[in-house]
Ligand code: TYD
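Just the one chain here, the form predicted alone, laid out as structure tokens.
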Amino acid sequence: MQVIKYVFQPHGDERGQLVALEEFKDIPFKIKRVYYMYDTAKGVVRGHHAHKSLEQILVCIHGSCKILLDNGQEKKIIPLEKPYEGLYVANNMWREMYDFSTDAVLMVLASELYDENDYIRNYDDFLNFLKVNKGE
């Protein structure tokens, strides 16, 4: 499994830091939706799903968390700890976000608008979807 972690260019001086993200320059897709999670209680695991079409970039803009990525054959855990790092999550990838620090803010940039039909929320359905779409 190839994991793509972006390091965005921070710009700063004595006033502080700024990171600008532009679609097709810093982000490999047109950004159609932005959302973020915060005040995630200790021990909570978010995600537990995959997307058929949607692509995402996850940025922990404050605090830290871990992301489990699973392509049906291999699993990897990627820590997000810096506000200038972004994790690319392709479609057809199971994801779980967990181990949020108490101050964590996880921002998600998405390639599509919200569409419940794009979600695969059951792991066995995810594995079957992969088989069908790989011609197995």
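Everything numeric in this text was worked out from a predicted model, so none of it was measured. Numbers for residues come from their place in the sequence shown, where the first is 1.
The same protein has a further form, the form predicted in complex with the named molecule, not shown here; the description that follows concerns it.
Contact with the named molecule in the predicted bound form, judged as any non-hydrogen atom within 4.5 angstroms, is confined among 60-68, 46-54, 23-31, 79-87 to 46-54. The named molecule in the predicted bound form is not approached by Tyr38, whose heavy atoms all lie more than 4.5 angstroms from it. Although the partner is absent from this view, Tyr119 contacts the named molecule in the predicted bound form, with a non-hydrogen atom inside 4.5 angstroms. With a 4.5 Å cutoff on heavy atoms, Met97 counts as touching the named molecule in the predicted bound form.
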